[in-house]
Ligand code: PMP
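Below, in structure tokens: the form predicted on its own, a single chain.
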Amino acid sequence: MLTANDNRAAGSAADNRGADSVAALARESYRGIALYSTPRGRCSVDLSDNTNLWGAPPAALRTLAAVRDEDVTRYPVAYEPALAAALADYVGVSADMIACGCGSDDVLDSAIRAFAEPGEVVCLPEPSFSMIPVFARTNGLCPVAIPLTRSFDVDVDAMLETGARIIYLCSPNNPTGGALPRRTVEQIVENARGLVIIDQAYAEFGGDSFTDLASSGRPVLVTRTMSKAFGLAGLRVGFGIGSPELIAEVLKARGPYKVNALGERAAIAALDSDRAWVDERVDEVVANRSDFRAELAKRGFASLESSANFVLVPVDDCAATASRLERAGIRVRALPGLTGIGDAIRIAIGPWEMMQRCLDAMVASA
């Protein structure tokens, strides 16, 4: 007869066998992937996510306030033609050159899946957007990172020498903030063996637009987002720009119903009615970014030149610095051991009262 202890032991053994079998079944290429995590919990001034710290566009909020039952209970349109048309008008292309997604992450992931076979190389600069190696691995590809040059430009020759099926560029670059020179990007596009992705999530805040390269007929995809300048990060609306043939392949990989109905309606409202509001917020970011960097320098903190809505500040110990700032009510993003930089903190730019509080806290915690 089995005792209660015997039953518990048998159950524990079965649980362990189940865990072992799951580990054995899991894809080898996934084993080094950690879940993406960001700081959570309440903080009086959160400068960690590079979102619009002035809030969401008024027209988008009015649209969300008028949501009806059917907007929630029914599926959205499969491939968002109305949103694609509004975005096409915004960036100056035809609607068949737009692929929407659940954030620009979704478009990036879909493009990587659509244009490379398992085992092929995705080349990216380092440091840059941390999710690109993850998207590469989850799609069975090999990420190869090439360090930025001392001037924080991409190393054109080294990237091309990888023979990558996909080359990823980011301008302005996250987390360094720098915009890539046009000639650098053109050299990559002219000589790449496969698809070139140019991530322009922060395009509204500075640097060249590369939409013209996406319109050139070459295999170029420019990705953009409504999460940053447009303040709709919580609704997850992103898009890609490319030739109609390229966009069709991205949408095949993406699948239907990836943009929720509320996000689509809010994004269209903002694009139709609130571009001037967005432009005003962008102007404030640019002015505050310049003033903030100048004030940092006065206090002994060097920061990297930025064309984005954030600045990167090298520090001796980013974890300790971020912890001290958090205790003062200021949240920033700690970035340890960045290639060519070392430890740094990334600070989003918002209304000046937020930036002043951050400056005061940095001096007090130094």
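Predicted model, so just to flag it, every value in this text is computed and none were measured. We number the residues from 1 along the sequence you see.
Omitted here: the form predicted in complex with this ligand. The next part is about that form.
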item: Selected contact from 274, 204, 264, 105, since only one has a non-hydrogen atom within 4.5 angstroms of this ligand in the model of the complex; value: 105
item: The single option of 218, 137, 236, 165 touching this ligand in the model of the complex, heavy atom within 4.5 Å; value: 236
item: Partner proximity in the model of the complex: residue 129 to this ligand, non-hydrogen atom cutoff 4.5 Å; value: yes
item: 4.5 Å heavy atom contact, residue 174 and this ligand in the model of the complex; value: yes
item: Contact flag, residue 146 vs this ligand in the model of the complex, heavy atom cut 4.5 Å; value: no
item: Partner contact for residue 254 in the model of the complex: this ligand, 4.5 angstroms, heavy atom; value: no
item: Segment assignment from 183 to 191, 220 to 228, 241 to 249, 255 to 263: heavy atom within 4.5 Å of this ligand in the model of the complex; value: 220 to 228
